[in-house]
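The form predicted on its own is given below as one chain in structure tokens.
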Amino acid sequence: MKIQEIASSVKGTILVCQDENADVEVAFASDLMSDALALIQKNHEKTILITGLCNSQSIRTAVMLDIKTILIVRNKQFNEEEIRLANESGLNVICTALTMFEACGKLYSLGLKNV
């Protein structure tokens, strides 16, 4: 699933787009970055991290795990510093007003698999 497809399916806004052709195959949803670090296999850039944690910790976790796309839920927004960090880190960032449950359900129904 491409970045634009994800944004469209969750009625989201692409906040940062480094690679509009990036392909996402699996998803992991959590606000606990320790869970992400424990459960996501490293070097899986086709993973999307779905979270409501809207700070540099989610960006740094994505970088550590070689994740290229973050979906921020519950209408939260990165500040300018976090947008700069996401750009420098080569990430795609999408924001949506949907809850984590709703976003996961929509993406799952479109064929996205879980980690």
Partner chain sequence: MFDQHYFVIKDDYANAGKVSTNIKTLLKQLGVDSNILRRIAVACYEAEINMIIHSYGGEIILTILDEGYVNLMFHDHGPGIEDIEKAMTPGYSTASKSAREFGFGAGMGLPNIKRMSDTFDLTTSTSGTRLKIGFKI
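These numbers were taken from a predicted model, which means no experiment stands behind them. Numbering follows the first chain given and starts at 1.
Another form exists, predicted together with the partner chain; not displayed. Remarks below refer to it.
K.L.:
Of the options Gln41, Asn79, Asn87, Asn75, which one has a non-hydrogen atom that comes within 4.5 Å of the partner chain in the predicted complex?
P.N.:
Partner contact (heavy atom, 4.5 Å) among the options: Gln41.
K.L.:
All three of Leu71, Thr99 and Cys104 touching the partner chain in the predicted complex at 4.5 Å, heavy atom to heavy atom?
P.N.:
No: no residue has a heavy atom within 4.5 Å of the partner.
K.L.:
Check Thr61 for me: does it contact the partner chain in the predicted complex (non-hydrogen atoms, 4.5 angstroms)?
P.N.:
Flag for Thr61 set to yes.
K.L.:
With the cut-off set at 4.5 Å between non-hydrogen atoms, does Val26 touch the partner chain in the predicted complex?
P.N.:
No.
K.L.:
With the partner left out here, check for me: in the predicted complex, does some heavy atom of Ile83 sit within 4.5 Å of the partner chain?
P.N.:
No.
K.L.:
Give, in sequence order, every residue of 23 to 37 that has a heavy atom within 4.5 Å of the partner chain in the predicted complex, or say none if there are no such residues.
P.N.:
Going through 23 to 37 in order - heavy atoms within 4.5 Å of the partner chain in the predicted complex - the hits are Asp31, Leu32, Met33, Ser34, Asp35, Leu37.
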